[in-house]
Structures are given as C-alpha cells and as structure tokens.
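Heads up, the chain below is alone and in the form predicted alone; it's given as structure tokens.
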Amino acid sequence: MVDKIDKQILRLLQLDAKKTTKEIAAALGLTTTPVHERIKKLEREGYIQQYSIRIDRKKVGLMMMAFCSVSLKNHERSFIEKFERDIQMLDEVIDCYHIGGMFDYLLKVLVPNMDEYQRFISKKLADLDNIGTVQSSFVMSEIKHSTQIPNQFL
C-alpha cells in the first residue's frame, strides 16, 4: 500500500512527469534521498508504469478521431484472445476496451482523414477473423481529455 507521501508524489508526477526529485522533495518538505527511494519503490511495485508525453495529434496530421464499437461473431476464449492479439497490431487503434453491453469492444482510432478511416475499416479491421458488427462514432470536438487519476483516489 502507498502512504500519504507516496500519494503526494504520484499527484506531483502525474501533473508533470519531468519534475526532478529535488523539486518533488522541496514541494513535500523532504530531502531528495527518501523521495528518490519512494519513487523507485513506486516504479518497482507498478504504481508508476511509465513516463510519457502528450502529443497534439492534429499537429502530426491525425485530424480524425473515431470510436469504433465492435461485436464478435464467436465468443469462445480462443476467438477473443486472437482478436485481442490482432487488434494490438493495428497502429491506428490507440485504445481498446473489452466492454459490456451491446458491443464487445470499444476502439479509439486516430487517422488523418475519412478516406484513411474507410481504408482502416475495410482493409484492416474487416480482415480480422471473427468481426461481426462494427459501428463508428466520430469526434467533432474534444471537451475533456485526461490520463490522470483523480486526486481524490490518490
């Protein structure tokens, strides 16, 4: 389990992963050595999975974001596992969630334009075995986007 100080460290790092150990220690009123040891422990125990940056997708030409709901024809374990392996090979899919409800999976897809999305659906997704139904929703504007765990849970 993490204690109050560990949670403060996690809050600071998720706001700015480039913060130095020295800056975190100063913010918490601690010295750098225990902060460094705590960060290493949080990494070792899997609380911190990676450090990453957030790129403006539009600046790199990915103008279209779509959410693609997918139902599989067959729900046997081997078919599910194969779909989950195969979907990881599609670079356009940046997130994939196994969901409950009317569909089996929700994919977040980034592509440059509608032509590329159509190509993705017809040439890549449709080529995967066991695809039953596909329904697409297109993002018109992003209202809120966050990868942060809410502070109340840290």
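Computed from a predicted structure; not experimentally measured. So that there is no doubt, residue numbering starts at 1 and follows the sequence shown.
Below, we turn to the form predicted in complex with another copy of the chain, even though it does not appear here.
At the 4.5 Å threshold, heavy atoms of Gln88 reach another copy of the chain in the model of the complex.
A residue is said to contact a partner when one of its heavy atoms sits within 4.5 Å of a partner heavy atom; Asp115 fails this definition for another copy of the chain in the model of the complex, lying far away. Taking non-hydrogen atoms only, Thr133 never approaches another copy of the chain to within 4.5 angstroms in the model of the complex. Put simply, Glu23 is far from another copy of the chain in the model of the complex: not one heavy atom of it is within 4.5 Å.
Along 128-153, residues Gln135, Ser137, Phe138, Val139, Met140, Ser141, Glu142, Ile143, Lys144, His145, Ser146, Thr147, Gln148, Ile149, Pro150, Asn151, Gln152, Phe153 each place a heavy atom within 4.5 Å of another copy of the chain in the model of the complex.
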